[in-house]
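Only one chain is given next, in structure tokens, and it is the form predicted alone.
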Amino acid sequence: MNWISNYVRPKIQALVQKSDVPENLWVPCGNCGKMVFHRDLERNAQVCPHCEHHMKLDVISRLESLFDDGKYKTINMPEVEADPLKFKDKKKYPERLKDARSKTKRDDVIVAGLGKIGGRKAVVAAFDFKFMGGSMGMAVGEAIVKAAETAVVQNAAFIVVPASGGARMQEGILSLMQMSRTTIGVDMVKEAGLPYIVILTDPTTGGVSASFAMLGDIQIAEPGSLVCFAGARVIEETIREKLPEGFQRAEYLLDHGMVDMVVHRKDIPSTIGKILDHLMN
């Protein structure tokens, strides 16, 4: 009886019962390929401890890391028409929106907050790349304008953290119109004499990079970030030439005057705090 109780039964239970151990305890680095324990990644702000590769950071973690003590007040965003073009590819656009909202637990790409960075008031609008690849539709245009208006009313700096594949094709020309609309929002902040800072993350591409993402008074990029309009393969096929090593990456853009500084993720809050001290003194 002891043999059955102590040996056979545990073996059978191990076969039929699901393990309580999570399957995602180890995360592979997309750059060096080494496995990183998930708690080490969390402690290191999703930066690989082996090669310093900056992985994608959750939008809420991004906001909490930027604001003093992680405290901020969420800014409610205006509603927009859900499916203006009645677009359908393999799925209807409303179905894609429903899937993205279910996955991310938010209405659209932008999450914005009002708080303090280095003791200075700031509005931060950050992209959630998990929501349809951070694509820019009418909701993003409205969100950028609303965040800019809030910055002006609060006499606060305006900081945008893009992470986007570009325009949202399901909204067609209406998506492309957000390039000019977001630029108007940025102009409102600059006309009020307030700082506008952009933190370029991986990736920042397409219509986002061709509009508000490249208009900052100060352009900060995370190491290794891809920042471009068209992809390298498209450019090479167009000009029929091999592009330089590291083309369109943050370090290349810094060397060629497209960004002002490349800053490690953990140093970005203190860097912005110093910048705001200078610009808002």
Partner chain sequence: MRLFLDFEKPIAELESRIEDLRRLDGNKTDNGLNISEEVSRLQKKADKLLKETYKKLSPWQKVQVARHPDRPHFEDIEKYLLEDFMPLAGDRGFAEDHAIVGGLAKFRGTSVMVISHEKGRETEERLKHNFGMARPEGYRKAQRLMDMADRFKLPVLSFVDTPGAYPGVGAEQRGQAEAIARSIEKCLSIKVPFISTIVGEGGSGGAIALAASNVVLMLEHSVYSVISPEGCASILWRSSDYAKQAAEALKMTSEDLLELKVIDEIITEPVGGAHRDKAKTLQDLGNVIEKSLKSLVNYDGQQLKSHRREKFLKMGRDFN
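Residue numbers count along the first chain shown, from 1. Bear in mind the structure is a predicted one, so any value in this text is a computation, not a measurement. What we label the rigid core is the largest C-alpha set whose atoms superpose within 1.5 Å from one form to the other.
Omitted from view is the form predicted in complex with its partner chain, to which the following refers.
Taken together, the three residues Glu81, Lys88 and Phe229 all lie with some non-hydrogen atom within 4.5 angstroms of its partner chain in the model of the complex. Contact with its partner chain in the model of the complex, defined as a heavy atom within 4.5 Å, holds for exactly one of Val152, Ala100, Met177, Ile75, namely Met177.
With its partner chain left out of view, the stretch that reaches within 4.5 Å of it through heavy atoms in the model of the complex is, among 115-123, 180-188, 153-161, 101-109, 180-188.
A residue is said to contact a partner when one of its heavy atoms sits within 4.5 Å of a partner heavy atom; Gly172 meets this definition for its partner chain in the model of the complex. Among heavy atoms of Ile235, some come within 4.5 Å of its partner chain in the model of the complex.
The shortest heavy atom separation between Met258 and its partner chain in the model of the complex is within 4.5 Å.
Using a 4.5 Å cutoff between non-hydrogen atoms, Ser211 counts as a contact of its partner chain in the model of the complex. Taking a 4.5 Å heavy atom cutoff to its partner chain in the model of the complex, the contacting residues in 229-248 are Phe229, Ala230, Val234, Ile235, Thr238, Ile239, Glu241, Lys242, Leu243, Pro244, Phe247, Gln248. With the core held fixed, the Cα of Glu237 is displaced between this form and the one not shown by 2 Å or more.
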